[in-house]
Ligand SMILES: NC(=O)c1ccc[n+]([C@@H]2O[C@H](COP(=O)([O-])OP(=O)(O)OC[C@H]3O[C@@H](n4cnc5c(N)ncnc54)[C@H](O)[C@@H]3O)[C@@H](O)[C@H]2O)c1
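Taking the form predicted alone, here's one chain by itself in structure tokens.
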Amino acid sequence: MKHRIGIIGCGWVAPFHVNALANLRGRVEVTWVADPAAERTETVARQIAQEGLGDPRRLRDYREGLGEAASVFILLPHHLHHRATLEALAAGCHVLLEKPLAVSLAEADEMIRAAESAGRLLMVAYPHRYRTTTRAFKQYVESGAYGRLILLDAMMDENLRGYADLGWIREKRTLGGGVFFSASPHMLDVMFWIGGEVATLSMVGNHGGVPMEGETTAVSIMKFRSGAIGTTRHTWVSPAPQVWYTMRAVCENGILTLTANPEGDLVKEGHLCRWRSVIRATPPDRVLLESGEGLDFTGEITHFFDCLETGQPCQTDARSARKLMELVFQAYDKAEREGGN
């Protein structure tokens, strides 16, 4: 039996989901795609057909298709997550929702209640923890071969000049905050997954480079209950990006470094961009793993289907996503009080 899904939103991220679904074509059929922009809908529908995932209906309004799909992928701007999720759950659909869960804790709570009342899965898409290289990195850190974890440091180096000028990204009301709320959780989710419970989290941010209300560069520091320290650094306005995603684990007896870097222009090439991902250990300096894995959503979508089929707990369910949101908002509040953002 194949999972019948609908896709809500055909923007930049949608082809990544279709590319991943192509690796699971024996388990899924895409019955419809929906977007107010007909040209975007047609582009994604053609990709779906070419990948052998079905010949989906093209819809301008996703509500027309909710009764025809068992699950929906919601790939909309952040401020639209709340309404679309509630409508999908009310129609009896399971939901895989692009991060973040919502733009406020009140919205998140209503969505959680709706999913639990309907008995439907609401999973939030944090793809990095499901990547093969990230899972290997976690295993190396936890193996004990390099000693106790002392420090986790993560960096995302991006240039969204031009891209971030567009529409909903500019306003806090629609984005939910700045780079720390919108994109730094790609690092935070993995760090919480590896480091465990967080005792305290703080952030500072600044503005510049693109015309948006929220911060465009942010740095955070946290203390895990284990005693380890975590730091994140993230900019959307780097004039010369070096490595797109880096996570470094400083342990008592060695240092592990994971890098994931596009070999082309990620913003322009999207899912067609080539990648190089590497895990290194020092001392001595040696490569533990190297692959062409990039921003691949196959792992997270596989997990979504596995949870539906087996009833196993979802790693990035709505409650865990809410907890991450709450920590981010607490860090924002502290930064506002102290002049840090």
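Each residue number is its position in the shown sequence, starting from 1. Note that the structure is predicted; figures quoted are calculated from it, not measured.
Although not depicted, the form predicted together with the ligand is the subject of the following passage.
Among Val198, Leu80, Cys251, Ala136, the residue placing a heavy atom within 4.5 Å of the ligand in the model of the complex is Leu80. Here is the short version: of Ala34, Ala69, Ile301, Ile48, the single residue with a heavy atom within 4.5 Å of the ligand in the model of the complex is Ala34. Remark: Phe329 does not count among the residues lining the ligand in the model of the complex, judged by a heavy atom distance of 4.5 Å or less. Residue contact check for Leu89: none of its heavy atoms lie within 4.5 Å of the ligand in the model of the complex. Not displayed here, the ligand is approached by Pro127 to within 4.5 Å at the level of heavy atoms in the model of the complex. The ligand in the model of the complex comes within 4.5 Å of a heavy atom belonging to Cys10.
Remark: of stretches 214-222, 201-209, 98-106, 188-196, the one touching the ligand in the model of the complex is 98-106 (heavy atom within 4.5 Å). Within 4.5 angstroms of the ligand in the model of the complex, the stretch 289-310 places a non-hydrogen atom from each of Leu295, Phe297, taken in sequence order.
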